[in-house]
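Just the one chain here, laid out as structure tokens, in the form predicted on its own.
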Amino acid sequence: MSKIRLKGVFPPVVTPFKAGGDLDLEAFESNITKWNAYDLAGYLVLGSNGETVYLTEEEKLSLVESALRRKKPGHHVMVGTGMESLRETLSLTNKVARLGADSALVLTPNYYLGAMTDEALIAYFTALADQSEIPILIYNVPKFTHLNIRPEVVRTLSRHPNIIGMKDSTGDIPQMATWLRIVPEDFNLIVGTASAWYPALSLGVRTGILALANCNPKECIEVQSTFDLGDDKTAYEIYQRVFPINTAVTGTFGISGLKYACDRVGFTGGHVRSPLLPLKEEAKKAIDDILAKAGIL
């Protein structure tokens, strides 16, 4: 059986909260409707930028239901279902599968970091994929997990019929080049940061799950569309123009900065959930200046 082939841009969608910390499903659905106007490949719900670690299971399932209800026909809905144990990850994965999710993005377990050997990771993802009702993608994000999955693990897991890809958020282009050499052609290697989007396209990567696509979907899509037309110069210029925005909303100011940028360009970022702190006024001014310089405001 052939694996699902993915191509295009996915925003790892933000989760709007109200001032008191409650989930704002109305704003979430409004964002999905607005993103539907762009030529996106789909959505990642419950990713790192969605503050998924702060959500209850009930909230997670509500967000998935909302995304599926509002999604554009043909859009692929990927859901972050990684928990620390196989039992809990499998439970959540199959619950979202039964709601209609298309695939599950699963974080590498990391709490008992020293025990997460190659053998442990291979056993975990293999058992999960064997029992999952939807295809699985691996999520490699050492920034949060302090675990960088090794090439031999990727090589082995990429050959499982129900493991269809991996999102790599390191931005490490040499590492991406290594993985491209060792995985089958039908394995979806996905770049997980807009800072590496243009270089990854140059390597042959065709899919990006990009935080920047929350607030700048048009530009993220245009980097790829112009590149695919052979206009490398324009693709590179767009990439460089929005690069400082990506740095601001994924590194310098984090999720509160990303949400503020969304608010400024017509989407609803909403509040962050504690213990994350709201953005200070000087940070808002800095983001406004970056957006203005990029021609977004």
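All residue numbers refer to positions in the sequence shown, first residue = 1. Values in this document were obtained by computation on a predicted structure and should not be read as measured data.
The protein also exists as the form predicted in complex with a further copy of the same chain; that form is not presented, and the subsequent description refers to it.
Partner proximity in the predicted complex, defined as non-hydrogen atoms within 4.5 angstroms of a further copy of the same chain, places exactly one of 52-60, 65-73, 261-269, 36-44 at the interface: 52-60. This chain is displayed alone, yet in the predicted complex one of Asn188, Thr226, Asn94, Ser195 has a heavy atom within 4.5 Å of a further copy of the same chain; that residue is Ser195. Contact with a further copy of the same chain in the predicted complex, judged by any heavy atom within 4.5 Å, is made by just one of Ile134, Val77, Met116, Ile164: Met116. Residue contact check for Pro184: none of its heavy atoms lie within 4.5 Å of a further copy of the same chain in the predicted complex. Heavy atoms of Leu99 never reach within 4.5 Å of a further copy of the same chain in the predicted complex, leaving it off the interface.
Contact annotation for Leu276: at least one heavy atom lies within 4.5 Å of a further copy of the same chain in the predicted complex. Looking at Gln240, you'd find a heavy atom of it within 4.5 angstroms of a further copy of the same chain in the predicted complex.
Residues are counted as partner-facing when one of their heavy atoms sits within 4.5 Å of a further copy of the same chain in the predicted complex; in 170-195 these are Gly171, Ile173, Pro174, Ala177, Thr178, Leu180, Arg181, Ser195, in sequence order.
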